[in-house]
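The data below hold one chain only, encoded as structure tokens and taken in the form predicted alone.
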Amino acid sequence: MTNMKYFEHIPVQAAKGMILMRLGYKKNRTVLNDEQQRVLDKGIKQGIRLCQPKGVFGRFNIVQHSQSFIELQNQQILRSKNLSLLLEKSDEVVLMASTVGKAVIEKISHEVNEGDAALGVILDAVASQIADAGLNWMMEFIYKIVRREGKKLTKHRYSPGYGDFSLENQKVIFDMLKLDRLGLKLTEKFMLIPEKSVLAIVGIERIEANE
């Protein structure tokens, strides 16, 4: 089964608490003075304004399970023991991609290299959080669909670059989701351009009678 859906705009906002965590803020320990708070709030607002969150997900059948890989339709292989274990009860997977566009990336680069480095760091945290929020938003969207089918998503999603799920797997996901349609590119070292673009995979399982 293949079911692709593109979102030219994902209606997400960055949670301030999560941004502060990315910036190393420690609750009840980190104290910001009025000027620091002003700079932070201004940077968050600017980052949100510059981000253009969009994404895509696709549902794909699992053709074969192995201890070290899974095979999807069209002979596409994703290699990872941890991923295979996560998907041991799944007959389908959802591949997802979320990006915030290049405008915020260009602004981050400018500030870090030529302007206000502190602002660049804040913008970087905002962009990272919004990219992840895009994945969360799509998972909630997908969850509502599969629940009507008597199915559920795995408790966790998995992204290339974590554990034994190497970045090389990004090539498979990139091609299957046709991410050039979102304006994304993949380097020879399997890095996504623009930065602050994230890929993930989650399994679809049947709901057991006792759940």
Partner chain sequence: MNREAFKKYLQENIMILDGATGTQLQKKGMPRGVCPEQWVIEHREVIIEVQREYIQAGSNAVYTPTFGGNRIKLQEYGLGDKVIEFNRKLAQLSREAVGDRGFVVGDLAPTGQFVQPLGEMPFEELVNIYKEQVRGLLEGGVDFFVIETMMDIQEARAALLAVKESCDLPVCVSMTFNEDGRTLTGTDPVTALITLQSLGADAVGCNCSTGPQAMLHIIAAMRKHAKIPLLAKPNAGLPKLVDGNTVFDMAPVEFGKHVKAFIDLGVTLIGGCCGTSPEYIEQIRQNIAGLKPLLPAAEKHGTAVSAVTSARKTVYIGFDGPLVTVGERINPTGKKQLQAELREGRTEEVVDLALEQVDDGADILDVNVGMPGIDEKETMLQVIEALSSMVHVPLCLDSSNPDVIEAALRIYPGRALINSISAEKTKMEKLLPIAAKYGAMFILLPLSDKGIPKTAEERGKLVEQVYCEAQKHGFNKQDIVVDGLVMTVSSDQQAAMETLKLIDWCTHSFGCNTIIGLSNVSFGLPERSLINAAFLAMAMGRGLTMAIANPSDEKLTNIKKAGDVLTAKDINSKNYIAHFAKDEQIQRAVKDNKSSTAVTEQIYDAIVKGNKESINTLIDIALKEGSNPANLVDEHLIPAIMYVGELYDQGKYFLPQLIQSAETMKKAFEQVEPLLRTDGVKTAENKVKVILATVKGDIHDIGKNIVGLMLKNYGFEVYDLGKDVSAEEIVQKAKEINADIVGLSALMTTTMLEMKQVIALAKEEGLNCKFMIGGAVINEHYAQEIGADGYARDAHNAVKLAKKLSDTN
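It should be emphasised that the depicted structure is a prediction, and the values quoted were computed from it without experimental measurement. Residue numbers count along the first chain shown, from 1.
Just so it is clear, the following notes concern the form predicted in complex with the partner chain, a form of the same protein that is not shown.
At a distance threshold of 4.5 angstroms between non-hydrogen atoms, Ala15 is out of contact with the partner chain in the model of the complex. Although the partner is absent here, Leu167 sits close enough that one of its heavy atoms falls within 4.5 Å of the partner chain in the model of the complex. In the model of the complex, at least one heavy atom of Ala117 sits within 4.5 Å of a heavy atom of the partner chain. Though the partner is left out of this view, Leu32 does reach within 4.5 Å of the partner chain in the model of the complex, counting heavy atoms only. With contact defined as any non-hydrogen atom lying within 4.5 angstroms of the partner chain in the model of the complex, the contacting residues in 117-145 are Ala117, Ala118, Val121, Ile122, Asp124, Trp137, Glu140, Phe141, Tyr143, Lys144, given in sequence order.
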